Ligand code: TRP
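Just the one chain here, the form predicted alone, laid out as structure tokens.
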Amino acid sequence: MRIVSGIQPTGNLHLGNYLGAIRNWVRMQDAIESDGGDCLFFLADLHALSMPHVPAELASNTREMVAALVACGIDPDRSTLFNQAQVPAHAELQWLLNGTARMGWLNRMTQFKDKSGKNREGASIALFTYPVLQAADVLLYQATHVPVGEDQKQHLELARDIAQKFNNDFCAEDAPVFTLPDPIIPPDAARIMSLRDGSAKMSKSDPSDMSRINLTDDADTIMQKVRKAKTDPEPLPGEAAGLAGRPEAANLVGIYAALAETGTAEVLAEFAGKGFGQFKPALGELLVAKLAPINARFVELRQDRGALDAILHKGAAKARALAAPTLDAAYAALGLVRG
């Protein structure tokens, strides 16, 4: 079993990243190691080129993201942690797969429509072909499983379609180049929403820093953000059905449940009938308790640029070695002559 997953280094990790993905990465790292499998986690800095960016900020964010991931529990001695830019095979394989991917497939990708908005003609080609690079990211390492949220299932299905067509078109039936990866959608993956709008996901791109809890926030900042989080005047209900039509209340209860590693029903049983004047301080204290060790480790790590670069260098060397056989096989299958 080989798990491959990536995250864009577009800014500090926030609570949604941690509860929705990173905490599960750490759990997978711990579980798969005992079964003899391995995990590859990468910073998708090549994907960042699909949208406008500031080069100096991208470099800084990449290192800060490494520090944050390690602080969250990703162990570079047990998992392969690297950035795409140090493994040219990602870009090479994307180009090889561009001959197999079809315009119709990419036109159906909803994320391109969402991110390009009304200015499709002004969007970059990289944004349009983003899913092909995602396919290369996982096919390159013969990934057997890829952790995905609901919004990424479509891209993994595309990766499988590309792999299947490539294998059918260019490989003997008993010697496919690519493994078709299966999705992992953890049943307890939390969908964390904005503190200012319970109908929108917590996001790094939201212009309001008050909309999210950053893993770099100190205790005072966390408490302030929780106090100012949008709510409604009603007390908390005794059962989950009572949260219907109350997205902000449901979000805060969901955050508490995810942090406490319990269910919504248990949280509501404890706070039923209480207002947010009582619930918010309890949520803030729980957040501080869970995030304080991560914050302390992050602050320590981010100061040592040499150590962060060494982690990326070590991971990239391992990733290049793992990627080479697949890339060589893809070139050969396509009839491309290499020295």
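All figures in this text were calculated on a predicted structure; none of them were measured in a lab. Start at 1 with the first residue shown and count on from there.
Here the subject shifts to the form predicted together with tryptophan (TRP), a form of this protein not shown in this document.
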item	value
Among 129-137, 194-202, 69-77, 227-235, the region lying within 4.5 Å of tryptophan (TRP) in the predicted complex by heavy atom distance	129-137
4.5 Å heavy atom contact with tryptophan (TRP) in the predicted complex for all of R27, F41 and T144	no
Interface residue in the predicted complex among V148, A163, A85, L268, criterion: non-hydrogen atom within 4.5 angstroms of tryptophan (TRP)	V148
Option touching tryptophan (TRP), based on a heavy atom within 4.5 Å in the predicted complex, out of H47, R302, K280, K290	H47
Touches tryptophan (TRP) in the predicted complex: T221 (any heavy atom, 4.5 Å)	no
Non-hydrogen atom contact Q152 with tryptophan (TRP) in the predicted complex at 4.5 angstroms	yes
